[in-house]
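One chain follows as structure tokens, the form predicted on its own.
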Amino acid sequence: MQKYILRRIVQALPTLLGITFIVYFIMLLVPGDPVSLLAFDPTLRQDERDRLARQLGVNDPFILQYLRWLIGDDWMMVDTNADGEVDAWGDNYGILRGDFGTSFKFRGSNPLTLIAERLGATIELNIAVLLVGLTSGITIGVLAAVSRGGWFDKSTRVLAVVGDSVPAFWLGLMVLVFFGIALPRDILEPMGIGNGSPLLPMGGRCPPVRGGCPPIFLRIHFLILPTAVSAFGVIAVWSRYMRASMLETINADFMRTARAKGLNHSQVWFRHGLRNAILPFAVFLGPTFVGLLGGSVIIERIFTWPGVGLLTFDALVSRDYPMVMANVMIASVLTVLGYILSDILYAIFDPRVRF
């Protein structure tokens, strides 16, 4: 297995390099430029704008910008103006040296440092989504399979189609409208319940307090809405696949043997059937977590959750190339590791698999 993991990692290197090249090229094609967004000042002279563009290096050709981001810029000649002053220093950064440069928007800040500060919030949200999504999706899938053709099975199939079709951004906005406006003002207040204020926080990770956020059990209500919206799609997908896998397992010989031994239904379904039906889902576990990280950009923006997704959105809006590319690299590496993890888990769950 060690040789297999090493081979997969070596094979992933050209993939990661290709991803960075394509994303960097697409990013430069987006209308707008960092100088216009950073120096939004109508009184700023054109020569000052040009100087800022030279310092950021955004006026250089695409391939030059990409190589500088990839391997550093100490091999380039230093730009000087007419007075002999340096306009652009060779900072010797480059991702192959472990340095992602300096953020355009957060001047003087390393992108990896900014991402590390927000990573805890994103992981916290995604772990909550995984726990809720996988637990609910697997349970619903098993119950739908054992009650095939019944009202519960039919309703969960409709739920799966809806959950797989509804965009997360639309569902998040509708949840904010319902819990923030319709429920407290139009439903509960006429009944004499509440004072018209939202029952749950409409955004943020915790109340604005000095010293950071309190422990999670004191602010669990801040997780309810973003977790529910993000987990809805996970529940839909996993319940549908779990139902199909359970239907293949439920009529197997060992299941009939378990029922003949006098075991109750929960032991037959969850102890014997689930253990075998869940094996194929080892392939989806790694990509599911990576997909949640990608979807965090939407969920965190809607609910103003201070994680990596919100930071990525702000970087995209401000054309912060170093920050965007740092997020792309981290997401790409996590994607590759997620698929490798899925293969490893599949081998652990099913001893018949050999690499």
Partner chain sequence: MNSNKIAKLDAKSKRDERQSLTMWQRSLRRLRRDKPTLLAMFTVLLFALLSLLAPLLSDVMGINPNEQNVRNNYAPLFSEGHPLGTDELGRDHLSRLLYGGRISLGIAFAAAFLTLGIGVAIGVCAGFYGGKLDDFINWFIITLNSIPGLFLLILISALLSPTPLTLVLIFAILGWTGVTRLVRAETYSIKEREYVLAARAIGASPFRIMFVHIVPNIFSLLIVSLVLGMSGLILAESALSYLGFGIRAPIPTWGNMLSGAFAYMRRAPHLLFLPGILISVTVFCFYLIGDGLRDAFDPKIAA
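Take the two forms, superpose them, and find the largest set of C-alpha atoms that agree within 1.5 Å; that set is the rigid core. Quick caveat, the model's predicted, so the values are computed rather than measured. Positions refer to the first chain, counted from 1.
Note that the form predicted in complex with the partner chain isn't included here; everything after this is about it.
Residues within 4.5 angstroms of the partner chain in the predicted bound form, judged by any non-hydrogen atom, belong to 177-185 and to none of the other stretches in 177-185, 127-135, 241-249, 261-269. Contact annotation for Ala331: at least one heavy atom lies within 4.5 Å of the partner chain in the predicted bound form.
Shown alone here, Ile19 lies within 4.5 Å of the partner chain in the predicted bound form, counting heavy atoms only. Residue contact check for Arg301: one or more of its heavy atoms lie within 4.5 Å of the partner chain in the predicted bound form.
Remark: Ser342 does not count among the residues lining the partner chain in the predicted bound form, judged by a heavy atom distance of 4.5 Å or less. Only one of the listed residues (Gly150, Pro190, Pro215, Pro167) places a non-hydrogen atom within 4.5 angstroms of the partner chain in the predicted bound form, and that residue is Pro167.
Between the partner chain and the residues Val146, Leu119, Leu279, Met202, the one pair within 4.5 Å by heavy atoms in the predicted bound form involves Met202.
For the three residues Thr15, Val30 and Phe313, a heavy atom within 4.5 Å of the partner chain turns up in the predicted bound form in every case.
Core-superposed comparison between this form and the one not shown: the Cα of Phe313 travels less than 2 Å.
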